[in-house]
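Presented as structure tokens, the chain that follows is alone, the form predicted on its own.
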Amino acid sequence: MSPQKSDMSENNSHLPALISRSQIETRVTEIGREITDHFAGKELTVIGLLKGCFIFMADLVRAIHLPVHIDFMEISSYGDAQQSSGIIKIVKDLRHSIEDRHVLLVEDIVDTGLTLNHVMELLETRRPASLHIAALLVKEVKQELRYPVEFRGFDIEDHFVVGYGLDYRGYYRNLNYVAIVEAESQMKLF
């Protein structure tokens, strides 16, 4: 008996797709090309902000055709569940110095940008040669980010979304598309 390939979209048809798997694949390839061109002839350190970035980052680094060093940070921002306070705690810091390195910070979604502002300020103190941001999703309407997102996947409206690394209470990160969650009643675990 041969294993059957499961299509996550079939198993989660109650979650309407905002961005399909094929749209994501196409755009990630394009971003990889943009990054390769931008950093041509340079080594690049790619830093992922855990946990949401891990799927996007894995696909993105495979689309970058340069020497790439990979590291991760995990940040916790304090505040109520609705909004970040912008006060951050480093849960997992970088393992290697970024001094004099070209750095690309990878984020799954830029919502308000408050936490990302603090992360960028922190990384700037570590004296990288350059510091840039790549994000799969950007919510322009809510954004207070003081730094440009030079490499972006998709601009989206202010929806709550899951899939492709984005979660609801730790679940739905494994969807192969980005889905809109319109009501908590949609979030069926089994």
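Note that residue numbering begins at 1 and tracks the sequence as displayed. Note that the structure is a prediction, hence the values are computed from the model and not measured.
What follows is about the form predicted in complex with inosinic acid, which we do not show.
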query	finding
Inosinic acid contact in the predicted bound form: residue 161, any heavy atom under 4.5 Å	yes
4.5 Å heavy atom contact, residue 110 to inosinic acid in the predicted bound form	yes
Interface membership of residue 167, inosinic acid in the predicted bound form, 4.5 Å heavy atom rule	yes
Close approach of residue 114 to inosinic acid in the predicted bound form, 4.5 Å, heavy atom	yes
Inosinic acid in the predicted bound form: contacting segment from 62-70, 127-135, 30-38, 153-161, heavy atom within 4.5 Å	153-161
